[in-house]
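Only one chain is given next, in structure tokens, and it is the form predicted on its own.
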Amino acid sequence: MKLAQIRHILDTEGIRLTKSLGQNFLHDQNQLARIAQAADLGDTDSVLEIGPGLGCLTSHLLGGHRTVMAIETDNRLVEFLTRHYASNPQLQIVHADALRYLREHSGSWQDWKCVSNLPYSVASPILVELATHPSPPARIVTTVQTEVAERIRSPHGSGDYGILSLLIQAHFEPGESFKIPPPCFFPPPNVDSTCITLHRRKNPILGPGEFPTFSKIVKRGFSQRRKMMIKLLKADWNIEWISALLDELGLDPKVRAEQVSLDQFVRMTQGLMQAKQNHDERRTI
């Protein structure tokens, strides 16, 4: 769908874009094709698209025998998509708030690929919800604000490294990415955009039941970036356990969260869980 078509549809349908919903439609056909290509879609893949808008990307995702589920919150756009794709049974349009839908979805996304131009206002929580789902998608290809893409793929020691980096990287490995200039959208956003690909880890780095503790440690550790981790973590765990773990991991007692790698956070999680288990077992004897 080209820019002239988008303008015509909006005028004909009497649709005024809502800024709070982050409605910036990508119309550049080359960029849309690059996004679909990054997803490496097979003929029988199941595809999740969040925020389809007028279906600019949707048309690039449909094909073969694959199924596309498109979640859209704007009733006006749902009505248009329903009419526009009425003859295509491969597209399932879901009228819902995507974040709420994902939180309430009890099924598995394991065999799905998520390919979306996410609304910037809710991109981070949606990605975290997908990444931390018990059965997350095999691949996520998404266009987000460049600042968010940098935070997702950032390594430890960087100023962009933080909660978002760790919660997503615990389950996905950041892959290829490319920038999309503002004029490729209508209306052009006031921020830079980047399409980033995330590959689900073939070998999980967290064991069953370890993620809640991992998440708690990460969020506590970054709750005050300038403070030493040991002072923050002692609110939830025995300071002697923390000190012993920092020493075991070769970390300075004054270390801050941004200096701790993903692997070290994982090992810290496992160490604190083991220490608590040992403590609880001694109390029951």
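Not measured: the values here are computed from a predicted model. Numbers for residues come from their place in the sequence shown, where the first is 1.
Absent from the display: the form predicted together with S-adenosylmethionine (SAM). The rest refers to it.
Stretch-level contact analysis of 212-220, 37-45, 252-260, 23-31 against S-adenosylmethionine (SAM) in the predicted complex, using heavy atoms and a 4.5 Å limit, identifies 23-31.
In the predicted complex, S-adenosylmethionine (SAM) sits beyond 4.5 Å of every heavy atom of E79. In the predicted complex, P136 stays away from S-adenosylmethionine (SAM), with no heavy atom inside 4.5 Å. Put simply, N117 is close to S-adenosylmethionine (SAM) in the predicted complex: some heavy atom of it is within 4.5 Å.
Among residues of the shown chain, D74 is one whose heavy atoms approach S-adenosylmethionine (SAM) to within 4.5 Å in the predicted complex. The contact residue chosen from I230, V68, C56, L245 relative to S-adenosylmethionine (SAM) in the predicted complex is C56, the criterion being a non-hydrogen atom within 4.5 angstroms.
Contact with S-adenosylmethionine (SAM) in the predicted complex holds for all three of G51, A98 and V122, each having a heavy atom within 4.5 Å.
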